[in-house]
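A single chain comes next, written as structure tokens; it is the form predicted on its own.
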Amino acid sequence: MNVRQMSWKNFRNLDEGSFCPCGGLNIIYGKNAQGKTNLTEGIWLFTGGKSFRGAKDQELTETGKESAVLKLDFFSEEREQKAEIKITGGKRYININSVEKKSYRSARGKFCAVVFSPEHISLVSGGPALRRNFIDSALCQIKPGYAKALSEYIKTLNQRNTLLKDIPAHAQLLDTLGIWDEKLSRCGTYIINERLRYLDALKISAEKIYSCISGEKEKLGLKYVKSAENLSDALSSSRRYDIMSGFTSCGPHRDDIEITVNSLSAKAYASQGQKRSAAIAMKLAEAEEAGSFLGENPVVILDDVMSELDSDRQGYILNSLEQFQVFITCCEPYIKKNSDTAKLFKVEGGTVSEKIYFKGQ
């Protein structure tokens, strides 16, 4: 899977234009606030996910413009394909091969990418929601059925929570709680099982990658932590508490991933370097697992992270990504790699220009 060409109009601060990356390493460089990350964000949006920067759709259009357009030519499923995103009225619309999709989320599974940015270090140091989002985002790209089940679970969870808040004032509603419990249990159990299967596969790759990054001196551990062993029983036994608190206290929305380094909590005891290495290992493992599941490798985006790593870690990461199409953003085009397929693109004041090819140095 790789990007052949992307073009844009009225997107963020980028001047109207296009670029044609190579199938290997693509370095996007320039000073801060010139539009480097906007370029990689544009690529990412074709996965059907939200902006990896947390931006809302209405923030993606150039200031003062009513709409924006992104077009992508890409190779996937052994054929050339085309996609177009239109952002208008604060909403995003997408078509794949001239077929309009019901929502941008329904494009998931057509174009797959893995992104790592400085914010992803919070995978280790942040709260459980970030780790749940990590595993959900990865599964949604490779299993559209999971995305549908997750959406149904969230909708059911919100309806159950609304009911829990209403029951104290309307006791007769208590009789309807069992209907929502059954539906929530069914969706939630599926989600938990899919997460467990995915993490079992992911941790093998992540632990191996982390070991190599640390020079085989440290060991990474990943474990799924459930809020309930049997969700159906837990929902029944927690009813009284849930009604008093007004929210659902157990289920996949309360689960977590325990990350350890040398058997100690990474969140509590790991250094910043260890946390960064753990997050990178998880992301590189995500790319490997996506390639294994889909039968073709996803696009990999490394947004402003290489400068934070020493030369040995930079070298390891680049060498481990040789089979992927890679986009790296950085301030200076200093990264070297023995490759015959590499391109440099300079971004300055919103203008993207191809600079040079460079070969093994």
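Residue numbers run from 1 along the displayed sequence. Remember, it's a predicted structure, so these values are computed and weren't measured experimentally.
Missing here is the form predicted together with a small molecule; even so, the following discussion is about that form.
Contact check for Lys31: a heavy atom falls within 4.5 Å of the small molecule in the predicted complex. Under a 4.5 angstroms non-hydrogen atom cutoff, the small molecule in the predicted complex lacks Ser353 among its neighbouring residues. Taking the partner from the other structure, the small molecule in the predicted complex has a heavy atom within 4.5 Å of a heavy atom of Gly35. With a 4.5 Å cutoff on heavy atoms, Ser311 does not count as touching the small molecule in the predicted complex; it lies far away. Only one segment in the set 61-69, 293-301, 313-321, 43-51 has any non-hydrogen atom within 4.5 angstroms of the small molecule in the predicted complex, and it is 61-69. In the predicted complex, the Cα-Cα separation between Asp57 and Ser151 grows by 3 Å or more relative to the displayed conformation. Note: the CA-CA distance for Ser307 and Ala268 contracts in the predicted complex relative to this form, by 3 angstroms or more.
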